Structure formats: C-alpha cells, structure tokens
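Single chain ahead, by itself, as structure tokens, in the form predicted on its own.
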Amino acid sequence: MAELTVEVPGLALSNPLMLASGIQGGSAAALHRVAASRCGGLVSKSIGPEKREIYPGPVCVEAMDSVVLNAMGLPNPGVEAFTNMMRENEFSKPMLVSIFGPDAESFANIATQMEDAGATALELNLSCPHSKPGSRSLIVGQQPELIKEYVSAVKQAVNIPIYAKLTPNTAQIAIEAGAALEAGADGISMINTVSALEVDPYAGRPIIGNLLCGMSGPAIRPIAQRKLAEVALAMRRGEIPEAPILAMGGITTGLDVARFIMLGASAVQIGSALIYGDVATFGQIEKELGDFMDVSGYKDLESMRGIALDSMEGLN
C-alpha cells in the first residue's frame, strides 16, 4: 500500500487530509469528533481577540451545483476561551490553530497566547473574502508590505512554525507568497475563498445576509490549482523561497488530492465536502487516494509531488 504520511513544520500527519478552517473546528467536541475520523490533521476555526457571533443569516447557501457561498463573520469563542479549551483537551490528531486580528500587534498577542496554550503551529488568516470594499482585513492579503508586517510580528513573538493563508483575489499570488516567506513564514496555506455575490431575483437583494460573500465548493478547484501552480513554479524557479504548501479549494475526491499533490502541495485541507458527506468524507477520500496511488505505481506522496509542474516549466 502507498505511504501517505506527511511531515511539515509543526505537523506530523498520518495522511495529507486536514480539516479546513471554519468547518467544525470551533469547539472541543467538534474537534474531537473530526479527530476520530480518518483525517490526518485539524485546523481550528479562526480565533480572534474577542468572542464574535455569527452574522445574521443566511450565512451559507449552495447557490447552484458545485457552488457554496458563505459569509459567517468569523464567529469564534475568542482567544481566552479557546486557549482554556486547548489546555483542557488533548486531541488525537495534530492541530494547526488559525488566528486573525485587526492589526499586527493583535496577531502577535494571540499567537503568543496560543503557543503558551500548547499550539505546535499557527495559520495566519490574512484575508477575509466577505469584507466590505476598502476594509483593512481585505487589503492585508493583497498588499505584500502589510503581509510582511503581520508575518514578521508573529514570527518575532513565537517560536512555533507559522503558515500564511493567502487570498486568491489578487493578480499575482506568488508575490504575496514571497512576501510571507521572506518575512519568516514556514509555509503557505492557499487558497481562501473567492470573493463572490449572488442575487435572489424574487427578493431583489443578495441571497447572503452579509450581502458580500466568499465562494467555495468544487467549482473553485481549477482556480485553486492555478494559484497553487503559480506559487509552486515560483518556488521551483528560485523566485521565492521554497516552503511547504497546504492547499485547499473544492477538494471532494482522492483524485482531487492527487491533482494538488502533483502541483506541488505538501498536504491539503478539506472543508465544503463535509457539507455533503460529513466526517466520513475523510475516509472515502483517503481510500480513493490510496487506491489511485497503488494502481498508478506511486509508492508515496513524494514520488508524485510536483510532477504536473514539469510540463509547465516554460510558462512565464
């Protein structure tokens, strides 16, 4: 059988399938439930400085086949409650703790508290796809200098690995990836959801309560793959530092995982697929991935990592 284990800074995974941030990761009970599945690792909901309630609904809608729209409002219990929960619980799978804040200092303070509570790695949520135009939380992920400021602040505050989560809503994502890595990030998470909007013609208004939203689901997978390839190729060419990439965006099958690994990902995160199949999805995808690798002659993930990039070397 193919070897599916993955080791990246701060995380030793039994397979490359991680729970994506924002899906079933906001409480101890939910995280334990996911950890009992065949996932290789967990990512918490994004945790901020204070408790936040969910936006008025609707907050998540399947607008059409393969298209999931959401604007949750980053609901979370707040850093104090979440760090207490971490101290009181030991999870059976490695957990990447996602954090956000209004400024670099807040990111650094939250990161310090998470490290003190036992976090082994952090994911910095540097973009919010349902923010209002012009808001700082949207701009950060699109401005290399701000990315450097935020990543540097966290890097100076903690000794554990950090992953910068990037937005696809930018023209040259390799530039933002390079900024994060040059500032000290140990890896990249990509992509966040795609900025989106849908209108209910009968109501004469957007269908999501927040009006603006992010798009996920199988329909965004080719977008995520394109963005991943751009960053992985830039690493291969020496244009930006090499680092592990945790990729996500519309993954629903084992073949999808293989596609992302072949484009250079070290591991993947799975979110919207759980809407349809719940945590049993991890076991199904793991089996499909293992079967594909066995039939195709791949003995481990490294033997197929990046092979789809070989034919893209000449692209500018």
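Everything numeric here is computed off the predicted structure, so don't read it as measured data. The numbering used is simple: start at 1 and walk along the sequence shown.
There is also a form predicted together with a small molecule; it is not shown, and the following applies to it.
Gly271 belongs to the set of residues with a heavy atom inside 4.5 Å of the small molecule in the model of the complex. Although the partner is absent here, Ala308 sits far enough away that none of its heavy atoms falls within 4.5 Å of the small molecule in the model of the complex. Although the partner is absent here, Thr281 sits far enough away that none of its heavy atoms falls within 4.5 Å of the small molecule in the model of the complex. When the small molecule is considered in the model of the complex, Ile23 lines it closely, a heavy atom lying within 4.5 Å. Only one of Cys213, Leu122, Ile191, Ile147 comes within 4.5 Å of the small molecule in the model of the complex through a heavy atom, and that residue is Ile191. With the partner removed from view, the residue among Ala153, Leu74, Ala229, Ala174 that has a non-hydrogen atom within 4.5 Å of the small molecule in the model of the complex turns out to be Leu74. You can rule out all but one of 213-221, 233-241, 103-111, 153-161: in the model of the complex, only 213-221 has residues with a heavy atom within 4.5 Å of the small molecule.
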